[in-house]
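What follows is one chain in structure tokens, specifically the form predicted on its own.
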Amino acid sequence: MLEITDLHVNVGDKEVLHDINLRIGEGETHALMGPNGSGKSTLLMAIMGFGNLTVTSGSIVFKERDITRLPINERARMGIGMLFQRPPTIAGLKLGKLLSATSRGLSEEDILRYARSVNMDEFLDRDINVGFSGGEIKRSELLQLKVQQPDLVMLDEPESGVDLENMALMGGAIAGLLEKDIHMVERHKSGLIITHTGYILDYLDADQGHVMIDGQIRCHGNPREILRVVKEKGYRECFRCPACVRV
């Protein structure tokens, strides 16, 4: 589904990502962890194709096509979708209108059904994120992904600003989006999830975990084991880990 090779990315004149190598197979879900400011969100934005970033070397291949230089709209059409940690407020644009414009041929009834599934049916006639709470913003973002039905789902801290009740709702919806309700050999949706708390892993299984430190993916492994070590000893343990040192 996604293969990143020797990727280097600048933000302005500063190199933020170095030697990024990552492969996500079809139907796989990967969890990305790391300290604040380590470059995790920048990686998702580079995959999505945001224009304020510059790829200086390396490649991003999605579904066997090199998308390194493609604009963001073409990547979205190909099937890449992203839930933002801090999405913008868009006054004057109704949520329902955006959903109709970005859905893949869904009827109004289908869109309403999706909206009800995340308790957003009463928000369709409201301006996007205007006056929304943190949980409502995250549910709005998730609803947009549900109608887009991307093949690669990227989530930037879906737990951030979400209470436990909304987390259960979000977790179930994300699991459905990633086809966790069907056998792994039949899944076609892939995911890359940034998580600090690991709460999202209580609602869906991740196949692989990664730790990013100082703009580089330093180790890979079982996501729950990585999270356990980080909770017990902090990311400082990653700096001492022999596997990270070798990288």
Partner chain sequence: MTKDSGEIESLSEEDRERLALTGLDLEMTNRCGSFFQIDQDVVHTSCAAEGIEVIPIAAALEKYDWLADYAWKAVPRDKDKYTKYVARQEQPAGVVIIARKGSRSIMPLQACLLLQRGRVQHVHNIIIAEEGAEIHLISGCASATHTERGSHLGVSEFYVGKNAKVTSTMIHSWSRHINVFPRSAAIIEEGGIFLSNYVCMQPVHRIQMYPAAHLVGKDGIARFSSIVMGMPGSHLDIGSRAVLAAEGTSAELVTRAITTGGTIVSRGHVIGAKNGTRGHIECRGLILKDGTIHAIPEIEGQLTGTELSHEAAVGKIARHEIEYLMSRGLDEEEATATIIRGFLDVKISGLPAVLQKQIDEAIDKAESGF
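Just so we're clear, the structure is a prediction, and the values are computed from it rather than from any experiment. Positions refer to the first chain, counted from 1.
Just so it is clear, the following notes concern the form predicted in complex with its partner chain, a form of the same protein that is not shown.
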Query raised in the report: Does Gly92 reach its partner chain in the predicted bound form, with heavy atoms at most 4.5 Å apart?
Result: yes
Requested in this report: Give a yes/no on whether Pro88 approaches its partner chain to within 4.5 Å in the predicted bound form, heavy atoms considered.
Outcome: yes
Query raised in the report: Hey, in the predicted bound form, does Ile67 get a heavy atom within 4.5 angstroms of its partner chain?
Result: no
Query raised in the report: Quick one: does Gly37 come within 4.5 Å of its partner chain in the predicted bound form, counting heavy atoms only?
Result: no
Query raised in the report: Of the residues Ala175, Ala76, Leu112, Ala168, which one places a heavy atom within 4.5 Å of its partner chain in the predicted bound form?
Result: Ala76
Query raised in the report: Which one of Leu201, Met48, Cys219, Ile194 is close to its partner chain in the predicted bound form, taking close to mean a heavy atom within 4.5 Å?
Result: Met48
Query raised in the report: Which residues, if any, of 143-174 lie within 4.5 Å of its partner chain in the predicted bound form when only heavy atoms count?
Result: Gln144, Leu145, Gln148
